[in-house]
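What follows is one chain in structure tokens, specifically the form predicted alone.
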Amino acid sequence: MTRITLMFSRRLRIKVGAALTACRCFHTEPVGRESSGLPVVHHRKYVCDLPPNHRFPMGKFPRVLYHLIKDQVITEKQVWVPEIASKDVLSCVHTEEYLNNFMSGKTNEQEQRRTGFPWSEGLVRRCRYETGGTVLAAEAALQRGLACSTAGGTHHAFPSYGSGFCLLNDLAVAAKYLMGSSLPKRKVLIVDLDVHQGDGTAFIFKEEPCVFTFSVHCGRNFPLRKQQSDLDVSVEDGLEDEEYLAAVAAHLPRLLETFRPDLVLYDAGVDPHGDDELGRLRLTDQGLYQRDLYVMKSVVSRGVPLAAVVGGGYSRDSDKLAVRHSIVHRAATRVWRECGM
């Protein structure tokens, strides 16, 4: 008996290896950057101070870049530095009242408990740079075909409130901003493979035909009250590599062929890993690598640009977690090389 619950029936199991063959990638000219390698977006202000022993592993973000450079996956010339997201950009998703309260420190204690963060000016700055990073990664993907940030994936943020360590919905802001900057409007597919459903993202785009939200998540995990994505795949606790990859592969190719996106935003959360403190699934490092490789090659081989963010991941060992988050960048580097980008 399958342990995967789907919102509509799966008629065909698609082999994961099918997309790991030859690519027919598009090519774009470098625009204003020194390196012709994979763009990796990072800012040193992706972090802020938190109280001692806080549950959120803030230190992982600079360590992702550190390990990528130390292991010679990328060079410093490949790093793109984002600007801070302006209030005008953020307002394409978030309400004016919420942005005013958040930026000025007028969020109350109950609202701060819901997000999991005590308010600080550093927190506001960090979230705005992170969102700017996702927007830049999406812009870089449109220029180059593929790009990654070393942060992002704050998919629990709603237009008028934050939740679950998410205060600004970077994926939604990037999608709205880039969708509205072209005529006709770009079609954006959001592939959310964080272990938690992207409830904020699903809510934001529930009536937007130009954005398709696809989420594979652990059904018994946070959030307790799920929103309705365009396609939800709810999996049970303890799912391992092969079954998880089959759940993704059963739907992604069809979505790419039928929705025909102009851009894919990929939330490559590592919290489905078996060692994640909040995950409840049992993926391995190799399973995450095969997942990321499959998603990116499936998209890029069809000539569709993809921007990846790191999504969720929780461990007291920040270095081990950072290496785990760097899996998507390592897989992206392989796709970049094999597709001749």
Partner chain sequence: MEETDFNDILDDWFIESLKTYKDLHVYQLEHPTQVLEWTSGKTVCVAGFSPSTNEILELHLPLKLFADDNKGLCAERDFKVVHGGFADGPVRVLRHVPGTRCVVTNDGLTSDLQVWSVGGDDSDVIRLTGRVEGRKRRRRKSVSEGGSFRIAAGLSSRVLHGAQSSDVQLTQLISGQILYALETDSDDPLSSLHFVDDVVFLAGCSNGNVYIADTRTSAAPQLHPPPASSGESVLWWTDASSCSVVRLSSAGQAVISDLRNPAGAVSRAQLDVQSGRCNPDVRASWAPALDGCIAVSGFSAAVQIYNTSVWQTESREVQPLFEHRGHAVSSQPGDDVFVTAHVWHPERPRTLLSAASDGSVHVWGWVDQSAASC
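Numbering follows the first chain given and starts at 1. Please read these numbers as outputs of a predicted model, since none were measured by experiment.
Although it is not shown, the form predicted together with the partner chain is what the next lines describe.
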{"item": "The partner chain in the model of the complex: contacting segment from 206 to 214, 139 to 147, 241 to 249, 107 to 115, heavy atom within 4.5 Å", "value": "107 to 115"}
{"item": "Contact residue in the model of the complex, chosen from 302, 63, 282, 45 - any heavy atom within 4.5 Å of the partner chain", "value": "282"}
{"item": "Partner contact for residue 274 in the model of the complex: the partner chain, 4.5 angstroms, heavy atom", "value": "yes"}
{"item": "Interface membership of residue 70, the partner chain in the model of the complex, 4.5 Å heavy atom rule", "value": "no"}
{"item": "Residue 224: touches the partner chain in the model of the complex, heavy atom cutoff 4.5 angstroms", "value": "yes"}
{"item": "In the model of the complex, residue 119 touching the partner chain (heavy atom, 4.5 Å)", "value": "no"}
{"item": "Contacts with the partner chain in the model of the complex, stretch 136 to 173 (heavy atom within 4.5 Å)", "value": "164, 165"}
